[in-house]
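The data below hold one chain only, encoded as structure tokens and taken in the form predicted alone.
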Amino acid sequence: MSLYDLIWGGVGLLLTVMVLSYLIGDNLLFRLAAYLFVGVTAGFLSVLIINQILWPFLLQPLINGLWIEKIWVLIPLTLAVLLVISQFQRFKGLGRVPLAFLAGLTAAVTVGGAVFGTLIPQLRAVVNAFDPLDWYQSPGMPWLRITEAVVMLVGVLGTLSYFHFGRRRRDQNDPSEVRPGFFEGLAKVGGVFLGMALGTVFAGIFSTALVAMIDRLLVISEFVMRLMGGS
């Protein structure tokens, strides 16, 4: 085993033990490992932002770009300067402009992605699932295709009904509100579908974390065996 492998293998073993020490409770070793992870991540992201964003899209156009490119670059530069200046109490109000721009842009991207990337394809899939030609031309039994289409439709309607917030009061003397019975029934079905979806996501995250932990333990075991074997 080379000196390089010995040093970094020992560092990896030490950090793994420090992280796993959280199993016995919050302690100094775990906090040191967490601080180190946060610091390394912050440093890596800073270097990545400088090399991949600031330098090619901000500094280079200001230095070597045409005059029209320099004018366009001044817009994000001004917003960034206002955001930095807003950290001072006297100029706190100046940060509202870049924050409003970021919030609006984020909302637009999120809504656009949800509509065109999720909602419309989902609706199209539901409509295509009820195409009779697909039931009989695709391999498999037609009744199975029909069942899949019905389950998909019920799941979509139930999930949308779960987030239906149009409620009405039971009566004038009762301040509590209730959904219409039709939406209430579909909402319960939608809750089942949401539970299955969230359970699937959790299972995927848990299995990914478990695979990562097993891989880490295998690396540590190989390092220990090589260290004891002297090869």
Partner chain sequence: MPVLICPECGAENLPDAETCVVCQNSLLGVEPADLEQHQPDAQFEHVPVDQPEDDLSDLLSSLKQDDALDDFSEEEEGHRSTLSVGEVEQQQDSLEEPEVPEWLHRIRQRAQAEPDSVGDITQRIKAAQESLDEQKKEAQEQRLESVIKKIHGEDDEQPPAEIAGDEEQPVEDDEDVTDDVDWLTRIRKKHRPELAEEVQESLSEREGDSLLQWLVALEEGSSELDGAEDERLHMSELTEDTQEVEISPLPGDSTQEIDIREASSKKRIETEIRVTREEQTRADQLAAIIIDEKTPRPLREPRNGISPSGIRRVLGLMLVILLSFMLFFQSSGSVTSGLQEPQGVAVHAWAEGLPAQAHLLFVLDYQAGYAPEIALVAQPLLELIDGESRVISILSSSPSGSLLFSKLLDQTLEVGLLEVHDLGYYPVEAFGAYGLANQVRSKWQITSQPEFMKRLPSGPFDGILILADDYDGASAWIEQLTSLALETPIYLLVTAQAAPLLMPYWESGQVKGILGGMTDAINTDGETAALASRWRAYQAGVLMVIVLLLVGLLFPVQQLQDGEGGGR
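Here the structure is a predicted model, which is why all the values come from computation and not from measurement. Numbering follows the first chain given and starts at 1.
Another form exists, predicted together with its partner chain; not displayed. Remarks below refer to it.
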Looking at the partner-bound form in the model of the complex, is G204 within 4.5 Å of its partner chain by any heavy atom?
yes
According to a 4.5 angstroms non-hydrogen atom cut-off, is Q137 in contact with its partner chain in the model of the complex?
no
Is there a heavy atom of T200 lying 4.5 Å or less from a heavy atom of its partner chain in the model of the complex?
yes
Is I63 one of the residues lying within 4.5 Å of its partner chain in the model of the complex, judged by heavy atom distances?
no
Interface residues of 5-30 toward its partner chain, as seen in the model of the complex [heavy atoms, 4.5 Å]:
Y22, L23, I24
